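In structure tokens, one chain follows: the form predicted on its own.
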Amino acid sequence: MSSEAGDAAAYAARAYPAWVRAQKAYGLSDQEGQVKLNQNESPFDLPLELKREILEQVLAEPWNRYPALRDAELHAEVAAHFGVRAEQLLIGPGSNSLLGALAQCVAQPDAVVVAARPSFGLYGSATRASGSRLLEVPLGPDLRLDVAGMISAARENRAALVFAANPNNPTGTAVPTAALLELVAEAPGLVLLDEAYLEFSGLPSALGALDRHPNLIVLRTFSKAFGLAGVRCGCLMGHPEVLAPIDRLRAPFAMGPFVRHCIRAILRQPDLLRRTVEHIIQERERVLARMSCIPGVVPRPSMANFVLFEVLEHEKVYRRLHRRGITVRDVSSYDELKSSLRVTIGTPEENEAFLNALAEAVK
């Protein structure tokens, strides 16, 4: 190591706490597979005609000016889609940035944040980055949220914030919405209900309870069912007084005209959203049925757009799938999922390629 690099490493060691230096960067391996089924994306891109329409609208915008701090028209359209009032809505460049801002808002030296384990990894990283203490509640034996356990953990530790995903990622399991509203009613602090995959579940949203529970915040995303993962847009919905500190803490001017026009365009295509969701649910059930017939493969029932499955020698199976051009997600780093992989539901052709490759990989 050069002297300059050694000096820089020493400065970094003094500047950053140990947990920051030990934090692993978010990354994905082997993304070059011909069939990419590892990130829970929609398998369908927007129609080319709709893309051209969006680009024409973006070209007409002034690029030398900052965008509006709050686009009233966009908020009105998004709020109408989700059935809330515009003042109950906060839109941001991806759910991740909003979750991070929320975690910072509740951060105090003795603050406790409760989340399930395993669940979406950003809950933990956002909590640690804010300086709060993360308390994880293991899932139940059926890999569903232990709602009673989360209520106990939140009350006993006076949790400032609870994260709960329904359906849960990476398991695909879900609990009744009424059970989560009981968690909201019992929690002493804020409760973030992450409904990123709700469209695939058939469950009612918790949004109808916003007026009854001022500590409730609901997260929705345009990355999954809407097929706009590359656009980066998510939203929080809750009481205006609860959302205001989050809005003040996040960076201004975070959403340019491209994002705004993409969201407005997709909201005006309800049939496109409906067909996409119906296809993914139909394919998910077909994939689950086929996987159940492959010896050595144990798929878990799912209410999301992916399937968690257990398989012996999962590392070998993962590599064999990749050699056949299929990229899935290895989630075995969780103690509860030591022999598990996760596959996103793709097009019928992609799913068929995966199923055939999986049958060969487990032999």
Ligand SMILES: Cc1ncc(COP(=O)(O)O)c(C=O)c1O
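The numbering used is simple: start at 1 and walk along the sequence shown. Because the structure is predicted, anything quoted here is derived from the model rather than measured.
The same protein has a further form, the form predicted in complex with this ligand, not shown here; the description that follows concerns it.
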Assert contact_stretch over 146 to 154, 285 to 293, 77 to 85, 224 to 232 against this ligand in the predicted complex, heavy atom within 4.5 Å, equals 224 to 232
4.5 Å heavy atom contact, Gly94 and this ligand in the predicted complex: yes
Does this ligand get within 4.5 angstroms of any non-hydrogen atom of Ala126 in the predicted complex? no
Find out whether any non-hydrogen atom of Leu219 is located within 4.5 angstroms of this ligand in the predicted complex, and reply yes or no. yes
Heavy atom of Leu134 within 4.5 Å of this ligand in the predicted complex: no
Checked Val106, Ile246, Ile281, Ala196 for heavy atoms within 4.5 Å of this ligand in the predicted complex; positive is Ala196
Though this ligand is not shown, can you say which of Ala165, Leu90, Leu102, Val191 has a heavy atom within 4.5 Å of it in the predicted complex? Ala165
